[in-house]
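The chain below stands alone, shown as structure tokens; this is the form predicted on its own.
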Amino acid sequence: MKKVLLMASLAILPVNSLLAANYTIDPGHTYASFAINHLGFSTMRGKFNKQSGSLSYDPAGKKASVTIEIDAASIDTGHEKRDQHLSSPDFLNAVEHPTITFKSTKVGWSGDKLSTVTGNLTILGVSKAVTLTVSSINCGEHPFNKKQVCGFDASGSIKRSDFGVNYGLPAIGEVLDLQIELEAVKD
């Protein structure tokens, strides 16, 4: 009888509560990118090729946190000379500030869905609160390796001068749009 009650209680347990776990970011399936106005002519886009971090996600308890570390020197706009300039002291100063970080401080929920992640973004040693809007989050078993995976897409905007990235203002845009597509594997 106890087994039947246990099985019945597990059957009605919300599926989301089974997803509560800690995850390690999969750098091969995580994409941190940006877009900025270039001299009023076009939108320049770029990405970072190296990132790491962690995700904690408990949808039943409406708790989540994320930490992302981005290698500033891994900037990639598809143009090597521009990437070298963006890594220089004029922009990211990747030698003195090799890591860009985002560490969440609070999350927002819309019903049962994670909707926002607010945290401290640190660029050039300057930390500012930034809120990212979560457009999707999905967790489950990976169809190929059978590991538990969570992935989410989030976006937001910052003023680069807030972080001391002032080169080329106002000709090169002030507002930098950020996008993060992240996948993480359960620890």
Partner chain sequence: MAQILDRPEFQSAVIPFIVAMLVYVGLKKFTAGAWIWALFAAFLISSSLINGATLSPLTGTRKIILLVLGSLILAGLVPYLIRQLKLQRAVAPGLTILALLWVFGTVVARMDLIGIALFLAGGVGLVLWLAWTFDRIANDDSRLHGAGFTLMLGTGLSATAAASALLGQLALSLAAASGGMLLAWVLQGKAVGSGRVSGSISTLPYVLSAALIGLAAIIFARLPWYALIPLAAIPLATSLVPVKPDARFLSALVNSLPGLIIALAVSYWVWQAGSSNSSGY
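Because the structure is predicted, anything quoted here is derived from the model rather than measured. Residue numbers count along the first chain shown, from 1.
There is another form of this protein, the form predicted in complex with the partner chain, and it is not shown here; the text below is about that form.
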item	value
Every residue of 80, 84 and 126 near the partner chain in the predicted bound form, heavy atom within 4.5 Å	yes
The partner chain contact in the predicted bound form: residue 175, any heavy atom under 4.5 Å	no
4.5 angstroms heavy atom contact with the partner chain in the predicted bound form for residue 98	yes
Heavy atom of residue 74 within 4.5 Å of the partner chain in the predicted bound form	no
Partner proximity in the predicted bound form: residue 166 to the partner chain, non-hydrogen atom cutoff 4.5 Å	yes
Answer range among 141-149, 156-164, 54-62, 23-31 for contact with the partner chain, defined in the predicted bound form as heavy atoms within 4.5 Å	156-164
